[in-house]
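The chain below stands alone, shown as structure tokens; this is the form predicted alone.
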């Protein structure tokens, strides 16, 4: 996202972001009505929010269990070296794994924390044995099976 001044981003832009984050299927007319601007103004502002990187995409939220991916697993990964090259190699390989929903470089006991969706424990066992431990530079993994998803929200708190 590019640097902007407060003059470039105002309360109407924030209302547009909140509304679209809540319901990405709003029509431009409905969105304009919700934020109290004309349809043309709304379209122009929404397009600018896309162009400037405030909105990075629009997608459907799919129920994981409904498509056979009911197991959520968090995996802490420790690499054998902490170098820019080893980080880049690991990140590139992790990006290729469709089961990895999120991959974050973290501070603390791990170098990376992965959020993974699979069918079940057997599916994860196969992924772990064939792919995860074979990722570049992996020295150790710690696996945490999520027992209950208490809160899952991709929405930003504004």
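What you are looking at is a predicted structure, and each value in this text was computed from that prediction instead of being measured. Positions refer to the first chain, counted from 1.
If you look for the form predicted together with the DNA, you will not find it shown, but the lines that follow are about it.
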Which of 62 to 70, 40 to 48, 95 to 103, 117 to 125 sits within 4.5 Å of the DNA in the model of the complex, heavy atom basis: 40 to 48
Residue contact check: residue 29 to the DNA in the model of the complex, 4.5 Å heavy atom: yes
Interface membership of residue 19, the DNA in the model of the complex, 4.5 Å heavy atom rule: no
The DNA contact at residue 12 in the model of the complex, heavy atom, 4.5 Å: yes
